[in-house]
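Given next, in structure tokens, is a single chain: the form predicted on its own.
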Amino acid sequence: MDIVRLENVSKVYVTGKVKYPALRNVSISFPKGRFIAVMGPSGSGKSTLLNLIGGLDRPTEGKIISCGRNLEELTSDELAEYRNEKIGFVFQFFNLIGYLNVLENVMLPMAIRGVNEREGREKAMNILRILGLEDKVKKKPNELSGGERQRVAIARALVNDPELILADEPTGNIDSVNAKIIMGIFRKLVDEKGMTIIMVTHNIELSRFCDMVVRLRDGVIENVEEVSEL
């Protein structure tokens, strides 16, 4: 079963009179319950692909079916609901809110969704405990290491039980030791929870943690490989 399907998707950015085609007529399906790496050189369209799947941007042409929804048919409010309920985002620069502590950062998506504070606190604490951060709940992001901040960002991405995790260069700002820890967490989420993770990365060494590698170049899919075949 596929969790995401793109049909003839193109994205063209326009700056003044200049048109920049970031994606060109891309068609691909992402199977449910897999850990998928999207790789390619800078400017190949990797982040654009992730933003379109996450409903952060809309394609110029084509159709995207994600988590059972045709994103083209959703209003701005429905897209916001889709992002909050179906998608968990993990970014390279963590995107944690500096004036909130760890627990408050993780609880935020549930507050937006309308979950009561007690339930939200219990759920956030449980996830933080699983990720080994129970002793960091009162600390602010600037008091944490890069690896700890990324684990907080993962916890925040998980609290609403998303169907799909989208990770954009999640190890780009942490050292290799913590990068392997993060990959181990992602691998466990796929193997034990049946989650689907689509991760953009430049690091070819991280592909060994994945099930499938999609390679992009100049906005088109160069090839799709099963990791066992790499």
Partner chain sequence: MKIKELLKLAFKQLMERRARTILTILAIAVGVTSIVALSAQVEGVSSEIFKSLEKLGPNTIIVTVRSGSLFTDVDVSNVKNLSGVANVAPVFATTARATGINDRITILGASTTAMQTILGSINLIKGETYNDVPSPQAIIGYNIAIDDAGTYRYDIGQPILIRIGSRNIMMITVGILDFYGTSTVINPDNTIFIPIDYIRLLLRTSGYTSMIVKTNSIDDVDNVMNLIRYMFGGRVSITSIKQITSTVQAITAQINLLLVSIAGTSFVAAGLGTFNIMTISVLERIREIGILKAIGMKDRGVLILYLSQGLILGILGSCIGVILGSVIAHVIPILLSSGMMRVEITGQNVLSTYTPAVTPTYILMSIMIAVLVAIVSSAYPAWKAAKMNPVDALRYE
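Positions refer to the first chain, counted from 1. Small disclaimer: the values here were computed from a predicted structure and weren't measured.
Below, we refer to the form predicted in complex with the partner chain, which is not included among the displayed structures.
- Put simply, of 205, 61, 57, 175 only one has a heavy atom within 4.5 Å of the partner chain in the model of the complex, and it is 57.
- Here is the short version: of 158, 137, 144, 96, the single residue with a heavy atom within 4.5 Å of the partner chain in the model of the complex is 96.
- Each of 81, 89 and 100 places at least one heavy atom within 4.5 Å of the partner chain in the model of the complex.
- Within 4.5 Å of any heavy atom of the partner chain in the model of the complex lies no heavy atom of residue 130.
- The partner chain in the model of the complex comes within 4.5 Å of no heavy atom belonging to residue 148.
- Using a 4.5 angstroms limit between non-hydrogen atoms, residue 108 touches the partner chain in the model of the complex.
- The partner chain in the model of the complex is not approached by residue 74, whose heavy atoms all lie more than 4.5 angstroms from it.
- Per the 4.5 Å heavy atom criterion, the partner chain in the model of the complex is contacted by stretch 48-56, the sole one of 31-39, 162-170, 180-188, 48-56.
- If you take 100-120 and check each residue for a heavy atom within 4.5 Å of the partner chain in the model of the complex, you get 100, 104, 108, 109, 111, 112, 114, 115, 116, 117, in sequence order.
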